[in-house]
Each structure stands twice: as C-alpha cells, then as structure tokens.
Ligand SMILES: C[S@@+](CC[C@H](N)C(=O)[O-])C[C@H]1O[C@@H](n2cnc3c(N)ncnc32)[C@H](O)[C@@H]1O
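A single chain, nothing else alongside it, follows as structure tokens in the form predicted on its own.
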C-alpha cells in the first residue's frame, strides 16, 4: 500500500538511484523514459510537471517498469517503443531493437537512391521495418517491399508503416528472405541487416540481448556468415542492371562479406563503410555490368 504522496521528481530520483547502484548507463534518461511511458506522456512533458503528485496506481505502474529494467529487460521492450533516425517505432520481443549502427546502412542506401525517380527497394528480413520504413519516409518516391519469415515480426513492421504514414508505399510479404517474392521482381536496391552472430557466441551476449531479443534474428550460423552466403549471388538476380546491394555486418566481418561478393562474380565497386565508432559496418556493391 502507498502510504505517502509521491512527487514525480521524487520518483525519478529514486529510480535513477537504483539504476546507478546497478551501474546502468544513462540511469536518469532511462528513468525518464520509463516514467513518461508509465504516465502516457511525452518525456519532454516531465519537465513541466516535476511537482505533480502521482496516484498510487501510477506509482505502481512505474515501479513495475523499474523492476523489469533491473531484471535486465531493455527499456524499449518495456515502453514498447524505439527511436530510429526520424522515427518512433513500436517494438515487441518478436523484433530486434533498432541500433544506431543500422542508421549508417540506411544512410548509404538513401545516398545511392537519391537521384532515382521511383526506385524499387527490397528489405529482406525486415524485423520492425526500421530500414524499409525509413527509406520510404525519407525518399518518398521509393516503393519498398519487405519480407520476414516471422509473421509476428511482419505485423509489427506493418503497424509501424501505418503509424509512420508509409503504408501506401510499401508491400509486406511473409517468408524467408527472397523466397516469398514469387513473381519475377527487380529492385534498384536491396538493403539488409541479416543475422550475423556466430551460434557459439549467442550465450556470451549481454543479457539484455541474449535473454530478451529474438535469437531467430541474431543467429548467423557457425561462422556468422550463413545469411550472407544465401544473399550474395541470389540478390544479383533481383537487382536492376545498375542496382546496389547494401549489407550491415558485424565487427570483424567486413572483409569476409566483401570476399563473398567478390567471389560470386556478380558485383563491382565493392565498398566498406564505417560507423561513427570507425568500425567497418556496411558492405555494398553494384550489380556487375553485362550480367544476364
């Protein structure tokens, strides 16, 4: 039972202290995100209501969120939302939480597509839809097809496209990578963040990732390259003559993935782009001229 009145500011201080004691980074920010979600208001509005007295029900909802965070659950799954580029996306435990590194992948694809009038784009294994929806929103002439083997993930992506007002420029197909496309299709760009964690490394991931994020979207096989092998050559058959393939890669994988594209004989102009931490993060290449 709550035997006192709690001010919003007091609860923020309490939660921030708990997070600091567990050495969680950005404890104050995490507390603010959780409290704004518990109250159903914007984080910005917290600063206008520091003296607000919360009801016992509001306090209990917030403390429940704090307990879940202290048990390792990511903030984004607790609040049900994740920021990505210009978007606020819904996330569930059926999809990976979008990462800042993936923004580099989207940026590279957008630069490539910028001068194309109505480019067709494919995002296979779309998860939350962060990649495809960002492209559809930031380059409105684009027409984006997304696939995912998990129908629950595809529903999340569809819902996100609707909330981001991109639904009319997108197509959603359930299935494994390229397999569900069925009819002959050609795209100006294929943009993909496939599973790339080595199976043996899954157990050693941070508990927030290991215990809460979907292993289906993480497990890249014995050497982490299983999906790149499945993508490299087949993707060339789906690209227009001057189309581009853009792949996010894990740390230390850029050379191996670049090698797979080279060995396929299907690509030219292969490049590796680094993220803001100078880690090679994106491998891209154009469909080789003269291919049938």
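Positions refer to the first chain, counted from 1. Please read all numbers here as calculations on a predicted model, not as lab measurements.
Omitted here: the form predicted in complex with the ligand. The next part is about that form.
**Q** May I ask you to state whether residue 217 is within 4.5 Å of the ligand in the predicted bound form, using heavy atom distances?
**A** Residue 217 belongs to the contact set for the ligand.
**Q** So in the predicted bound form, does residue 201 come within 4.5 Å of the ligand, heavy atom to heavy atom?
**A** The answer is no: residue 201 has no heavy atom within 4.5 Å of the ligand.
**Q** Please check if residue 160 has a heavy atom lying within 4.5 Å of any heavy atom of the ligand in the predicted bound form.
**A** Looking in the predicted bound form, residue contacts with the ligand do not include residue 160, since no heavy atom lies within 4.5 Å.
**Q** Does the 4.5 Å heavy atom contact test between residue 72 and the ligand in the predicted bound form come out positive?
**A** Residue 72: no, not in contact with the ligand in the predicted bound form.
**Q** Which one of these stretches, 113-121, 73-81, 96-104, 161-169, sits within 4.5 Å of the ligand in the predicted bound form when only heavy atoms are counted?
**A** Correct option: 96-104.
**Q** Note which of 137, 149, 181, 205 lies within 4.5 Å of the ligand in the predicted bound form, where distance is taken over heavy atoms; exactly one does.
**A** For this set of options, the contacting one is 149.
**Q** Would the ligand be touched by all three of 125, 175 and 230 in the predicted bound form, meaning a heavy atom each within 4.5 Å?
**A** Spot residues vs the ligand: full contact, yes.
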